[in-house]
Structure formats: structure tokens, C-alpha cells
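Shown next as C-alpha cells: one chain only, the form predicted on its own.
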Amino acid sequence: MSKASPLVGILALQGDVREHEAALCDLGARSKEIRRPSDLEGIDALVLPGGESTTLSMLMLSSGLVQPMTELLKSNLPVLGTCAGMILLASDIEDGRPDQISFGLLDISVRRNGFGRQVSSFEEDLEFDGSDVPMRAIFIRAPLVTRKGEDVEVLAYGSFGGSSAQVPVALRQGNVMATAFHPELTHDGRVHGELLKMCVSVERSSTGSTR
């Protein structure tokens, strides 16, 4: 990575692209909208935003992004998936379609809309990564993590179903991070800050690199 501020690609086929751009800008990072394979050139990290996971899968296929993104992610590129982005990163989608794209980088099982439909959207204060300062999290048609692998670190737990049951809502495995909520919709930059930290700490391999 160059001495310039990190260049973060944001998949810009659907979802809160501008909100992610603003969150990264507030932290001093540069961003780049990803719509076609050539847009992947030179990025230091990637954000997979919310939206509808099956629609995102179809749009990535039609735009020719699936194969080059797969190869780039094999190079240990830091990546953040939020809401639908978490589904795209999961190793197992319990209720997914047979043709749905999954990069399989995060050893978790997820259930789409596991917290409920749009009318069940909610906000909650979370304890994030051991901090004493609560993080406000917005859940909109959020995926539910039903299983996590031993190598997956839980960064935050959230309430499920209005009960005292706690489920993982922010996770990290190596260079891969995902949240069931939308960190781009608040002014708390800690999630995006962790992505930028990985740009410095994670060693990239040459496999699949577009650089």
C-alpha cells in the first residue's frame, strides 16, 4: 500500500453507497465506486454494502464482477460486509437460492432477514470490541448468524427477538469483517476504522491481485 490514504472500493450496484463513502471520508480515507471489473484496479480494501443479497448476486454476475472479485479477495484484501454484504461473505446461507453468490470467506451460517422484515427494523446500543462506549446500531432486514466457526471473533452481540438472547452481530476472521447492522447510517466510525486498520496490518499476497 502506498503512503497515500487507503483507497477503499465500495460495491456500487445497490445499497447505501454514498453513506459508506461519507463514513470513510470522515476517517481520511479515499473511496471508489465499483461497478465493473476495471474499477477494482488499485484498491486497498473493499466494502460490500447492504441491499438484497440475491439481487446483488445477479447484478454482480451481469456486470462480470464475480470472478475478478473472487480472485482479488484471495489475495487477502481487507473486506467489510454490512447486512447483505455479510450474507455474500458467509460460508453457508441457510435459506439462499442455489444460484446465489457467496464468497465463503467468513466461517458462519446466516439466515436472510433473520431478525424480521422491514417492519421489524430496530436500533440498539452495542458493546463493540470491548469498548466502554456504546455503539448505536441500526438493524434493517438484518441477517441472523446461526453458527460461527472457531476462528471467527465476535466483536459485538445483539438482542434477538425482544428477549435476553444474545447473538453475534459483528464478526471478524483474519482480513474479513462483517456486521448484521448498518454502521454507515450512524456517525460512529469504529467499524470503518477497523477496516482501515486492516489495510495496514494485513499482508497481501500476489495471488489474484489486480495491482
Partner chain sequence: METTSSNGSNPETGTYRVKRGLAEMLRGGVIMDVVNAEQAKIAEDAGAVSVMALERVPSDIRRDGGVARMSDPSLIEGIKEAVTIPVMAKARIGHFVEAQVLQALEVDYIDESEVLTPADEDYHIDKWEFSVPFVCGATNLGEALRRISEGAAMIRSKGEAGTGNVVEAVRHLRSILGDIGRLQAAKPEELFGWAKELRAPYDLVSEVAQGGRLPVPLFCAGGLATPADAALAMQLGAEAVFVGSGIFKSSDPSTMAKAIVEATAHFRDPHIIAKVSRGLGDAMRGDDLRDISVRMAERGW
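These numbers come from a predicted model, not from an experiment. Positions refer to the first chain, counted from 1.
Beyond what is shown, the protein has a form predicted in complex with its partner chain; the following relates to that form.
Enquirer: Just to be sure I understand the contacts: of 124, 71, 129, 92, which is the one whose heavy atoms reach within 4.5 angstroms of its partner chain in the model of the complex?
Expert: Selected option: 124.
Enquirer: Counting only non-hydrogen atoms and a 4.5 angstroms cut-off, does residue 190 reach its partner chain in the model of the complex?
Expert: No, no contact at 4.5 Å.
Enquirer: Against its partner chain in the model of the complex, would residue 147 count as a contact residue? Criterion: heavy atoms within 4.5 Å.
Expert: Yes.
Enquirer: Is residue 173 one of the residues lying within 4.5 Å of its partner chain in the model of the complex, judged by heavy atom distances?
Expert: Result no; residue 173 lies far from its partner chain in the model of the complex.
Enquirer: Although its partner chain is absent from this view, report whether residue 9 comes within 4.5 Å of it in the model of the complex, heavy atoms only.
Expert: The answer is no: residue 9 has no heavy atom within 4.5 Å of its partner chain.
Enquirer: Taking 35, 52 and 168 as a possible spot, do all three reach its partner chain in the model of the complex with a heavy atom inside 4.5 Å?
Expert: Yes, each of 35, 52 and 168 comes within 4.5 Å of its partner chain in the model of the complex.
Enquirer: Within 17-38, which residues have a heavy atom closer than or equal to 4.5 Å from its partner chain in the model of the complex?
Expert: The stretch 17-38, when checked against its partner chain in the model of the complex, contributes 17, 18, 19, 35, 36 at the 4.5 Å heavy-atom cut-off.
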